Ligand code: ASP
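Quick setup: one chain, the form predicted on its own, written in structure tokens, and binding and motion questions come after.
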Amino acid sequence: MNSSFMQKVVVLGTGGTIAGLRDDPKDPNSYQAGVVSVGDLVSKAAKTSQVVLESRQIAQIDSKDMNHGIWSQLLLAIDNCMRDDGVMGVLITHGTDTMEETAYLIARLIKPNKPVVLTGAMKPFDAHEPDGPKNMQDALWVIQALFAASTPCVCVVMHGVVHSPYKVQKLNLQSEAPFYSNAPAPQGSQEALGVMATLGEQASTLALEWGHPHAHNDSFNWGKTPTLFAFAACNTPPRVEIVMSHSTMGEHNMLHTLLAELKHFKLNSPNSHMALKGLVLVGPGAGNLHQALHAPLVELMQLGVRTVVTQRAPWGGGGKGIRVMLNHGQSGSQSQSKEESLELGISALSPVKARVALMLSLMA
């Protein structure tokens, strides 16, 4: 990296609360996301920035409505920045609802040669004390620190904390610090007492982890990953659904509905592109599945639906196999039934990231 040529940070705007405007000044929760342009966000941030900022509007949406087309545009814009020697880093303004999915996708498909940082806000642009400007300032500082240390990586920066895209999850709706990427600190520890490492120390730690060859390996074997351009060229990404295992689950559950739908698509080939291709099951405890899911699950897998199990608990799992008994015999038949175990892999990724990972695997 030659710092004499890389002096510009490109800010890619996608909307979100950070670009939101209030409907009712007296109600902080009443606002419309994605109204303010990224140019206006940058104009405000440029007053305190020590680097040149260039803005590019990718989308202006509430991030709950993120879709494949916007993802593709964003990835291609990031890739262009990676190829531009005049760019020292990329800052992405994004809604917090799906930021963890976008961050994970970028980390999987982009091989960064300069920092890529996502940030957002929990308060809209015109709030009394908006948190967006400070988050952008922190994100720009992290970009400069990572660039100066020649340690490019992808990360999320919110409320003074640097998060790994592989671990970050939104778990708090009542705080300006909505994201967590590690298990809660034990009581009495420095982190629990509020003594946090500086942004620079956090960024350096993440960069070291990023460079480790086994830092991002999940216990589940996802297989190959498509190229960025193959992802962007795909007009209809593989359909992957998420189903949660829960108490009092009946025999006629969502898997039965998906199974009936899949059989319909199999008989109506013109609609086959809409058929289920992948399934993420979210189990309680160590990823345990309600027995009512077993029979339809086996049929779905026999019809070619790739399946992975994740856990409802955000930390401490992964790496264990889930065993489902597959009965080849038919009730009432003279042939002796034969049972054998069908083992499903369990991923340590959050359910939404596992869905992205499975989609990528199906596209490769």
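For clarity, every value in this text was computed on a predicted model and none was experimentally measured. Just count from 1 along the sequence shown to find any residue number.
Although not depicted, the form predicted in complex with the named molecule is the subject of the following passage.
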Only one of 62 to 70, 47 to 55, 302 to 310, 22 to 30 has residues with a heavy atom within 4.5 Å of the named molecule in the predicted bound form, and that stretch is 62 to 70
In this chain shown alone, the residue from 283, 95, 152, 165 with a heavy atom within 4.5 Å of the named molecule in the predicted bound form is 95
Heavy atom within 4.5 Å of the named molecule in the predicted bound form, from candidates 156, 121, 90, 146, belongs to 121
With the cut-off set at 4.5 Å between non-hydrogen atoms, does residue 17 touch the named molecule in the predicted bound form? yes
Checklist entry - Going by a heavy atom distance of 4.5 Å, is residue 170 a contact of the named molecule in the predicted bound form? => result yes
Looking in the predicted bound form, the residues of 281 to 295 with a heavy atom no more than 4.5 Å from the named molecule, listed in order, are none
